[in-house]
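A single chain comes next, written as structure tokens; it is the form predicted on its own.
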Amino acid sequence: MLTSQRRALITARLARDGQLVAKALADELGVSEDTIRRDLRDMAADGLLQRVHGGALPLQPSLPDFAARQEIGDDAKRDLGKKAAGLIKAGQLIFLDGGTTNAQIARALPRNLAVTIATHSPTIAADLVHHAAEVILIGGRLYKHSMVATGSAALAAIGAMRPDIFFLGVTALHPVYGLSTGDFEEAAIKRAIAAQSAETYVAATNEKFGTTSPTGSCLWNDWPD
């Protein structure tokens, strides 16, 4: 099989299956695994796919900025926000991760609910100004893409908390490659909050399922309980 034919097949398989295992394709085509890996390497260099350990994934488009994400799937995010807010009970300590879907959780909270909301997102904290909720704003270095604080100061503050529920924001959810986000430092913050929390929930819209973060960091490589 010609190189161009193999690459066309690789593109078709990624579109159909959402992933490709180099060894399986090499066995199917009767070529060496090195040949397939070389194809994947060259295609990744040309911006045609994303290489991962043992194979490849479709190349995902880069994320829009925070302001643009606020306009994506607005109705679905509002519905998710209402469902998630219904899990929150008076007297609990809730940690809201950054993100436009989690902002809808804050907006859906009853204004008179006696609850404590911790967040490292200044935009979410601002949404709670007119609520009865006690608000704890975690500080640190501002990661402007997601509008959240990161770094050692944020980690230190998080380490002193024991949230009842953590609403985790993610960039992508994939059944094989797990939950991921687009920045290594942001991922470290998310893992730290989850480790301190009694329960973790993910409110995610449909377009995130079956995708991965091309330059990001894995939060879990399987689905959290």
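Just count from 1 along the sequence shown to find any residue number. Please read these numbers as outputs of a predicted model, since none were measured by experiment.
The following text describes the form predicted in complex with another copy of the chain, which does not appear among the structures shown.
Another copy of the chain in the predicted complex is not approached by residue 107, whose heavy atoms all lie more than 4.5 angstroms from it. Residue contact with another copy of the chain in the predicted complex: residue 94 places no heavy atom within 4.5 Å of it. In the predicted complex, no heavy atom of residue 78 sits within 4.5 Å of another copy of the chain. Using a 4.5 angstroms limit between non-hydrogen atoms, residue 89 is distant from another copy of the chain in the predicted complex. Though another copy of the chain is absent from this view, in the predicted complex it lies within 4.5 Å of a heavy atom of just one residue from 135, 103, 155, 85, which is 135. Although another copy of the chain is not shown here, in the predicted complex the stretch 135-152 places heavy atoms of 135, 136, 137, 138, 139, 140, 141, 142, 144, 147, 149 within 4.5 Å of it, in sequence order.
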